[in-house]
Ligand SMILES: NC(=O)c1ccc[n+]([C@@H]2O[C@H](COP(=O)([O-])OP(=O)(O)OC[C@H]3O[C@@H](n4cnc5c(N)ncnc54)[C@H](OP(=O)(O)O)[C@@H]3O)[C@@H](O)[C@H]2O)c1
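First, one chain by itself in structure tokens, the form predicted on its own.
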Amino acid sequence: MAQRTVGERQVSVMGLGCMPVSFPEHATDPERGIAVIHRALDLGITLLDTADIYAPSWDAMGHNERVVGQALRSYAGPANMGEVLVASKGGITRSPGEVWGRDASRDGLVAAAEASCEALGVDVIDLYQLHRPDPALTYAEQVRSLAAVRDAGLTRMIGLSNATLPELQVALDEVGGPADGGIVSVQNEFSPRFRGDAEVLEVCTEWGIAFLPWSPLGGAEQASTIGDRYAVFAEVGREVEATPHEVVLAWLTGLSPVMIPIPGASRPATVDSIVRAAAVQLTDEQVQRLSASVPEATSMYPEDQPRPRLR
């Protein structure tokens, strides 16, 4: 499979979003999730995305990380395990009664990373990302908390998730980019449905920062009907003998050399489709036609959504 760069690591051009295997309807069958991850490893996927909050309930925090860890320890296939990069995230809290909150303080983020290490069964996480901003702290403070996780030896690399352009710029001012041992990734929502982070993608491309679009197919509600919602993707699919879903993923990788989609999967057959998408070759004309067919860029950040002060 084609490779792209995260920090100093090479990973597959397509990653796997592991969250679906911890959906309540799947969480009671961890073997199902392990089979999905093993299939991805068998087919050359070397980037696995997880997070501490990916769990069926508040009292099962770390569920997804535990499944990922079990899958890696039990794997006996052809993949070189030294090439697999596991990316996790912290900074969101869940407490009794499903009360959700944020804690990106230094102590809070370090404690979350320690718990993630335990759940994954590792001493050091490959890539640890700030999941969502904490409105109680300035963004600069949160980036310093993230750096503290790295400095404590709990992660090799650090990144951001759900970051706006001003927040990314603050982070780069605070810790630098990949060449400085700073921010190596940004994991934002990006799909035919949401393209409001085009400026973030541009900065990531300039700095060589991996851009990991979550929900690249627009989320579960859109994924099943994406060929109907976006007819040009179905049209191009017929031209290249691929499904509309596979065309979406191929289109995304054609937008920037730092783009690494992380579509989710809860069945091995879906992994097969993700891998087929990595082999789809689109012409520049097809990429431009697809880009022109989707709605104008929309923002995933409503005006009433609280954002932290930058400094």
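All residue numbers are counted from 1 along the displayed sequence. Not measured: the values here are computed from a predicted model.
FYI, the form predicted in complex with the named molecule isn't displayed, but the following is about it.
With the partner omitted here, the residue from Arg150, Arg102, Arg195, His131 that has a non-hydrogen atom within 4.5 angstroms of the named molecule in the predicted bound form is His131.
For the options Ile262, Ala242, Ala55, Leu41, the one in contact with the named molecule in the predicted bound form, meaning a heavy atom within 4.5 Å, is Ile262. Taking the partner from the other structure, the named molecule in the predicted bound form has a heavy atom within 4.5 Å of a heavy atom of Met19. Within this chain, Leu217 lines the site of the named molecule in the predicted bound form, having a heavy atom no more than 4.5 Å away. Within 4.5 Å of some heavy atom of the named molecule in the predicted bound form lies at least one heavy atom of Ala223.
Residue contact check for Glu65: none of its heavy atoms lie within 4.5 Å of the named molecule in the predicted bound form. Heavy atoms of no residue among Ser74, Ser88 and Ile158 are located within 4.5 Å of the named molecule in the predicted bound form. Between 119 to 127, 177 to 185, 135 to 143, 207 to 215, the stretch whose residues reach within 4.5 angstroms of the named molecule in the predicted bound form through a non-hydrogen atom is 207 to 215. The partner is not shown here, but in the predicted bound form the stretch 31 to 53 reaches within 4.5 angstroms of the named molecule through a heavy atom at Asp49 alone.
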